[in-house]
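Shown next as structure tokens: one chain only, the form predicted on its own.
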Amino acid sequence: MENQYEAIWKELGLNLENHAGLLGVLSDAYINIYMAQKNRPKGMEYFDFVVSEVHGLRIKEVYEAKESGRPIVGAFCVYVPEELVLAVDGVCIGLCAGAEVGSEEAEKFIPRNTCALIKGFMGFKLAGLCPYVELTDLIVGETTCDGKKKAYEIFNEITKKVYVMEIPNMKGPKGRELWESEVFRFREKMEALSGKKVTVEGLQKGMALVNAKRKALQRLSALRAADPAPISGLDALLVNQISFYDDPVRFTQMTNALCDELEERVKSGAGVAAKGAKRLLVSGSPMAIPNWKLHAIVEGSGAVIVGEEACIGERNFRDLSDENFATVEEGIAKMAGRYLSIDCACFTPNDERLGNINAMTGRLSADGVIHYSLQFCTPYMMEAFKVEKSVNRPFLKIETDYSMEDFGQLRTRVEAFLEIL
């Protein structure tokens, strides 16, 4: 990454020395994991470029948007209604949380046995390594787990700009009423932040942009059902991760262009693995950039990952928002209903998730399911029990963090799992 961005990084208060080290490690990991793949689609060149500029050109774009008066909203969860941010001409951006950085600093504020994602977003901020969090005018948290909601209290003391949306524990009438009120409250927050009113036209435009992005990701997901698989799980994971960072219009265009190429691959029978290679579905905790460990292990062992039942995956794009409404209130109510359909493990009961996993294994012809949980991610660790009972496929449960210390152990377990398939 060129030095042209250092002035912005310095202005944002980043630790330039440590940041340069982080980018170097990220670059090396990307080359070793991604560029070592064979027979990649040409359309992945764009997404390679995005990663190479994830703290460069994209930061410059967001910086310029902020300079022009557009509100910048950061998020860690698919429950944050991006449509409402776009409705007031804001920018919604995913925040850094996918690497083991700044742990010593983070552990001065939170317990050591905190999940890696929480420790990650605390560490990125405290170590001065995430330009996105520095650019935000608002950071939107959500009560999807006890660890997050308590960490957000501390994060607000550090950043002074955290806003928390309350997610109900159950999806009955009272839960829906609570969630709708939270989405309406977020509308008011966005109006106050931007100085603009949410209009029917603005909300429909925001919904159309986000729905188009989701449709492109749905299209990518459907193409992964082909045998041989036209794209690796690693590359598909990367596209899903980038959907939280990139400009939504450009991302949608480039993802659809990639899908055009994949359709030709399917027609010609071209794939990234041999026809009949073992096909796996990954379910469970989210995988933020640069968390590529499990996919690298599985596909380095000769199998192919054909789907992710996760927030970085189907849970993010499975359902669309209804764009047909006459008033802002009607539109927000419909949008709230769409978000409440997300089958996060924070809900009880959560039988929808079990049904969705089984539907995915069938549609994608998965030979087995790997349930991935971040260590100390209690909701997903707990739900692994019910998932294992419900899936009609061989099942492997994995608990890990962002470190590479267990790479060899995990590879041994994955290889043994592939043997029994």
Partner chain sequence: MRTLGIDIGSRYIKAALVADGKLISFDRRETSCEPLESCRSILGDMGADRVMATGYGRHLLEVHGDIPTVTEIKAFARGAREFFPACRTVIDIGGQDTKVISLDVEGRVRKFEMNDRCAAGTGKFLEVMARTLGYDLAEFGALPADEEEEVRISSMCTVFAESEVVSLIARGVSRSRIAKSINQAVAARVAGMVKRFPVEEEIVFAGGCAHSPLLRGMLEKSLGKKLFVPSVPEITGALGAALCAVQESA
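Residue numbers count along the first chain shown, from 1. Predicted model, so just to flag it, every value in this text is computed and none were measured.
Heads up, the form predicted in complex with the partner chain isn't pictured, but that's what we're talking about next.
Just one listed stretch, out of 365 to 373, 389 to 397, 41 to 49, 60 to 68, contacts the partner chain in the predicted complex at the 4.5 Å heavy atom level, and that stretch is 389 to 397. Although the partner is absent here, E11 lies well away from the partner chain in the predicted complex, with no heavy atom inside 4.5 Å. In the predicted complex, the partner chain sits beyond 4.5 Å of every heavy atom of E6.
In the predicted complex, none of the heavy atoms of N15 sits within 4.5 Å of a heavy atom of the partner chain. Contacts between stretch 396 to 421 and the partner chain, counted in the predicted complex as any heavy atom lying within 4.5 Å, involve L396, T400, D401, S403, E405, D406, Q409, R411, T412, R413, E415, A416, F417, E419, I420, listed in sequence order.
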